[in-house]
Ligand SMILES: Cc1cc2nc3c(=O)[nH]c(=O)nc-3n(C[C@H](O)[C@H](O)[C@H](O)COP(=O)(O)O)c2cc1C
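Next up is one chain by itself, shown in structure tokens, the form predicted on its own.
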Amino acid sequence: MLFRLDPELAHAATVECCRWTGRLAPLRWLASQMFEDASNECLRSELAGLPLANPIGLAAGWDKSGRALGMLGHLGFGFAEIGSISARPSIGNPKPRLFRLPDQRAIVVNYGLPNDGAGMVARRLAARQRRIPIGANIVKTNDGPGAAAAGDDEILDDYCHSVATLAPWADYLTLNLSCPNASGGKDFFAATGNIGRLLERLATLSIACPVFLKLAPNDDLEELRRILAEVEPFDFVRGFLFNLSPGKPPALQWTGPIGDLGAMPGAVSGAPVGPLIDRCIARLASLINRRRYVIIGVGGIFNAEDAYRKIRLGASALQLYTALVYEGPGVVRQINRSLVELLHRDGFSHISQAVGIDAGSGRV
């Protein structure tokens, strides 16, 4: 039924359904019965000090403004990330801006970061009941394609305002430094030194929660070393995850005809990005100090095998988005149950024993 609707309308309707049902205790209970799995001790872990009942999280981009917070803790996820959120409200890019590619198990996203702004989202976070850790994904405000280019200080101030507004209420923050579908930010942070400049400013805010950096997908070892060198002095940075690539780069892996892809503006999410992200995770895992940093694996995860591969390559936790479009929320429970079987098959009694075991092995 949902696939008979325009993709963005289906997305908005689903979020609104979760918003309203999340206000009713009997429906929250029913969702828990349907989608949660009995906690398995081998999947219990922590993410930079945050306790997780399981490693599967909701990726940013689904609940852009924290409208469905009441229901997110009842869908089987171990944690969830809302956003991306900017200092000022934004309407995003012109429509149409969301497209389905069912044959590829993919979507093409060109939303351009529509959200209600950091102030409104902070109020929603402040009013929520804590059931699972909720992170806030922070990005530079998208003022639209006709806006004047932002200066360096404007970009940095925009991030700092959002961090100061959201940090007291979020369980963790993700700094989106590489959004592929909006100007003002991603190119700025590709330049040497600018990640360090932002972190220097944030260091003055005394952030108490963990901070993760969302990077452009790049498996070049020298580029990853450069980023790690800039991050090293700032101990509030606790980990990394990788974003979508802008456009449709050759690194994406297609499995059949891609039809009118060229007529779909935006970045590809879903199965085609999986191999690229796997390579990025493996390369980064071979470089980081695992006592300090964690990697969150996101990109092309549809089943337990996809999830387990990213864990073995170095991801301590995972995030889903496109799988929800094609499989529904029941996929979270399915992945968790099958992950337990895969861990036991390979002789592991706990998920932490499998993290990074294949990093640097060339198994990507």
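Here the structure is a predicted model, which means the values were calculated and not measured. Don't overthink the numbering: it's just position in the shown sequence, from 1.
Absent from the display: the form predicted in complex with the ligand. The rest refers to it.
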In the predicted complex, Y321 touching the ligand (heavy atom, 4.5 Å): yes
4.5 angstroms heavy atom contact with the ligand in the predicted complex for L339: no
Partner contact for M71 in the predicted complex: the ligand, 4.5 angstroms, heavy atom: no
The ligand contact at G314 in the predicted complex, heavy atom, 4.5 Å: no
Interface residue in the predicted complex among V237, A80, A285, L244, criterion: non-hydrogen atom within 4.5 angstroms of the ligand: L244
Contact assignment for the ligand in the predicted complex, among L98, I227, A87, V294, heavy atom within 4.5 Å: L98
Segment that reaches the ligand in the predicted complex - one of 295 to 303, 48 to 56, 328 to 336, 27 to 35, heavy atoms within 4.5 Å: 295 to 303
Members of 86 to 111 lying within 4.5 angstroms of the ligand, judged by heavy atom, in the predicted complex: L98, I107, V109, Y111
